[in-house]
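Next up is one chain by itself, shown in C-alpha cells, the form predicted on its own.
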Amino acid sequence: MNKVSLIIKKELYRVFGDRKLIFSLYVLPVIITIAIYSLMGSMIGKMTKDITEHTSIVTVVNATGDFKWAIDQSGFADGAEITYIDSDDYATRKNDIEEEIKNGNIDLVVNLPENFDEDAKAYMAGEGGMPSMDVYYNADENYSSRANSVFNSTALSVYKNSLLSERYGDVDLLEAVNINTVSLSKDSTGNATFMKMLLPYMVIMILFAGVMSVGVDAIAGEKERGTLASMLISPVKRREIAAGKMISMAILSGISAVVTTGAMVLSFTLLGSNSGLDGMGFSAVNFSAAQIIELLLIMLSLVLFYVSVISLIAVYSGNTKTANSVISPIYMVIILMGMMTMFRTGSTTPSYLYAIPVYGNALAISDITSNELGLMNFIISFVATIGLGAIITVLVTKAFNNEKLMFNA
C-alpha cells in the first residue's frame, strides 16, 4: 500500500507541480463554463426583452368602427403601430405587403372583407353565417409571432366578446362550466426544465473529458516516452503500479469534475435569478444535502468507470495518438448517451435502464434535479457502474503483467 501511495504522489505532483496543467484542468474550465452560460443568459434575456418591448407593425384592412373600438379597448394599440387601409389600397399593394411580412418589415396584417360589418350584424341577428377575417403573420419571425399571439389574446378576444354580448346579452351564458386552472409542481427543488435536460449531458461529457485529458498521458504517454518501462522493472509490483496510476487519475479527474460541475450549477443559479428569462424554463437551482450526496456518488461511480475504460485503452495502445484515435468514437457515444436523456417523455423510465453505464447515470442525474430519483434506481445506477468499472479494472491489472503490451514489443 505504501508503494501505491508513492505512485499516487508521483502522479499528483506531476500535475500539481505544473502551473499550466493546473490552469488547464481546474481554472480554465470554470472560467469558460461561467462565461458561456453568463453570456447565454444575457443574450436570451436581451432577446426576450427586445421581443416584449418591440412595437408591432400592424396593417388592418377595412376596419369597422366596432373593430377599431375593440383594438383600442383591449390595449393592443398601446404596443403596436397600426395602419388602417381600405380594400382598394390593399388590392393594389397586396404582393408588396406579403413580401414585407416575409421580410419582417410588417409583423401582422388583419384583413376584414368589405361586407364584414353587414355580415357581423346579420350574424348577431341570427341571420347568415359567421363572419370571417384573414390574419397574416410570419411564424419564423419572433416579432411577428408575438404580434399574432397578443392580437388574438387582446383585440380579437375583446371584439368576439362584444359581438357575443350584442347577440346573447350575457357572454357568461355561453359557458357551460367555469374552469379554474392551477399549475401544480413538486415542492422540492424548483429546478428548471432546462437544467434537468442539460445538466446530465454536461456532467457525463465533462467527466469523460477530464479523465481523458489525464489518463492517456499517464499510461500511453509514459509508454511512448519510455518512463513507464523503468517503473515496470523496479521492485514495485505491477498491480501496485496500475492501482497507483488509476487512483491518481480518479483523484485528478474527480477534482476537475466537481469544480467544473460546481461552476455549471452556479451558472444555472445565475441564469435562474435573471428575471428576463422568466417563462423560458429557467429558475433558481436549489439542491438539498441529500441530492448533493447523490450527485457526488453518481459522479464518483462515473469517474471510476471512465478511468477503467481510458486505462484499458491506454494500456493496449502503443502511443497517445493511437489511444486518442480509439477514444474519439467512444467520446461520441458518451455524448450521444447524454443527449438521449434530453428527449425523455413524461412516462416512467424502466429501472433496468439505470443499469446501463453512462446512460443510466445520466438518467439518475436528470432525476436528481427534479427530486424524482428513487432509492432503488439510484442503487441500480451506482452499483452497475461501479461493478462494470471493477471488472475492467481487473483487466487493466492483468494487462500490466503482459510484457508485450507494456513494452510495446
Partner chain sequence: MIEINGITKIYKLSAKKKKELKTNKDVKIAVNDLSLIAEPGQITGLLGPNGAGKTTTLRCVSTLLTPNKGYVKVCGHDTVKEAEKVRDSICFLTNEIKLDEHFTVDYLFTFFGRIKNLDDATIEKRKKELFDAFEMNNFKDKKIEELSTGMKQKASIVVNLVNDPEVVIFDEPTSGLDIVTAKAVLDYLKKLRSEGKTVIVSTHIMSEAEKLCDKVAMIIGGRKVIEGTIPEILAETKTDDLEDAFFKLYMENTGADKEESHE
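Positions refer to the first chain, counted from 1. What you see is a predicted model, and the numbers here were worked out from it, not measured in a lab.
Beyond the structure shown, there is the form predicted together with the partner chain, which is absent from this document and is the topic of what follows.
With the partner removed from view, the residue among 233, 125, 289, 139 that has a non-hydrogen atom within 4.5 Å of the partner chain in the predicted bound form turns out to be 233. With the partner omitted here, the residue from 121, 225, 93, 160 that has a non-hydrogen atom within 4.5 angstroms of the partner chain in the predicted bound form is 225.
Remark: of stretches 251-259, 298-306, 233-241, 93-101, the one touching the partner chain in the predicted bound form is 233-241 (heavy atom within 4.5 Å).
When contacts are judged by a 4.5 Å heavy atom cut-off, residue 77 does not count as touching the partner chain in the predicted bound form. Although the partner is absent here, residue 14 is a contact residue: one of its heavy atoms lies within 4.5 angstroms of the partner chain in the predicted bound form. Using a 4.5 angstroms limit between non-hydrogen atoms, residue 398 is distant from the partner chain in the predicted bound form. For residue 326, no non-hydrogen atom is located within 4.5 Å of the partner chain in the predicted bound form, even though that partner is not displayed.
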